[in-house]
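A single chain, nothing else alongside it, follows as structure tokens in the form predicted alone.
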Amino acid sequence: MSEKRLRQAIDTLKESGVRITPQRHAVLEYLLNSMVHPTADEIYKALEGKFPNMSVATVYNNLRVLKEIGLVRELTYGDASSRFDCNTSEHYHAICESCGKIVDFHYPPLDEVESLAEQVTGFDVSHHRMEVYGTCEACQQVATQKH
């Protein structure tokens, strides 16, 4: 993670009038360093050694604040725990059906799909999300070794 991204995120927090507590800083830094789209519990477990008095609720509250300011996206998948993504640029996700790993990939925005959906349904479309599902390389290798 570049220090520049962390500084920019902290500047965004300051401009929004949000206090930068040590816990908030740690959650933000963890997300910026993470490429795995962690859950709140995963963030809590990663930081509890450094902040023994921090609760899971503190992590959720910090994630909510970061989400409200636009520094984090919440990814929900049915009944599973929400995952959090610090990459707020337009991008899509490939999701492993075996281990749940989520990998970002970039593809030109599908604006025409939104336009068509508006025409066909009469909805005022605000956004879309695309995910592709399959088996990641690590799980493919494990499957190959079993056979």
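One rule holds for the numbers: they count along the sequence shown, beginning at 1. These figures come from a predicted structure and were not determined experimentally.
Below, we refer to the form predicted in complex with a further copy of the same chain, which is not included among the displayed structures.
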Original post:
Within 4.5 Å of a further copy of the same chain in the predicted complex, heavy atoms considered, which of A94, I69, V56, V36?
Top reply: A94
Subject >> Any non-hydrogen atom of E137 within 4.5 angstroms of a further copy of the same chain in the predicted complex >> reply: yes
Original post:
Counting only non-hydrogen atoms and a 4.5 angstroms cut-off, does L116 reach a further copy of the same chain in the predicted complex?
Top reply: yes
Original post:
Using 4.5 Å between non-hydrogen atoms, is I20 touching a further copy of the same chain in the predicted complex?
Top reply: no
Original post:
Is the gap between H25 and a further copy of the same chain in the predicted complex 4.5 Å or less for some heavy atom pair?
Top reply: no
Subject >> Interface segment, criterion being heavy atoms within 4.5 Å of a further copy of the same chain in the predicted complex, picked from 25-33, 43-51, 57-65, 101-109 >> reply: 101-109
